[in-house]
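Only one chain comes next, encoded as structure tokens, the form predicted alone.
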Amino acid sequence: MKFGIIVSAGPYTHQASDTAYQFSKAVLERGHEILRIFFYHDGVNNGTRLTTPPQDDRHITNRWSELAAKHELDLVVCVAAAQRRGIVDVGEAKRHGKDANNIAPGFRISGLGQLIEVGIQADRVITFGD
């Protein structure tokens, strides 16, 4: 089965990101495919490399990055939601005259077309968060 995943809640503010991560991991372990994980609204905060949780806490952003690297997942951060929350990649930083980027490894910034595309191509689209 082909899944699309939407995460619309930020890390550490709601259980949705942790649940989405655990669900994604379980889906992959059972041999299913994840076409794309789309981070929307406050969910885009999962994609900042500047997250620094205490040493004894889980590092949600690193978990996503590692899962993406291991399974070649497409982690897409909504461009409009990211801009509102100060999350930029190299291209967006340059386009908006910013002196740095803060996108985490394995994540990329793109538009809602990516969400629509996964909705068309996936057998199931599961939403975690608001």
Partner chain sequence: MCINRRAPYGTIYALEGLEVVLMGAAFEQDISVVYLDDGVYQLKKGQDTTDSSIKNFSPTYRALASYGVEKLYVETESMEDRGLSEHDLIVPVKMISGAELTELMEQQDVILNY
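Numbering follows the first chain given and starts at 1. Quick caveat: nothing in here was measured; it's all calculated off a predicted structure.
Keep in mind that the form predicted in complex with its partner chain is not shown, yet the notes after this line are about it.
Proximity to its partner chain in the model of the complex holds for none of 58, 90 and 108, with the criterion being a heavy atom within 4.5 Å.
With the partner omitted here, the stretch from 33-41, 97-105, 68-76, 49-57 that lies within 4.5 Å of its partner chain by heavy atoms in the model of the complex is 33-41.
Heavy atoms of residue 63 never reach within 4.5 Å of its partner chain in the model of the complex, leaving it off the interface.
Taking its partner chain as positioned in the model of the complex, the residues of 110-130 that bring a heavy atom within 4.5 Å of it are, in sequence order, 112, 113, 115, 116, 119, 120, 125, 130.
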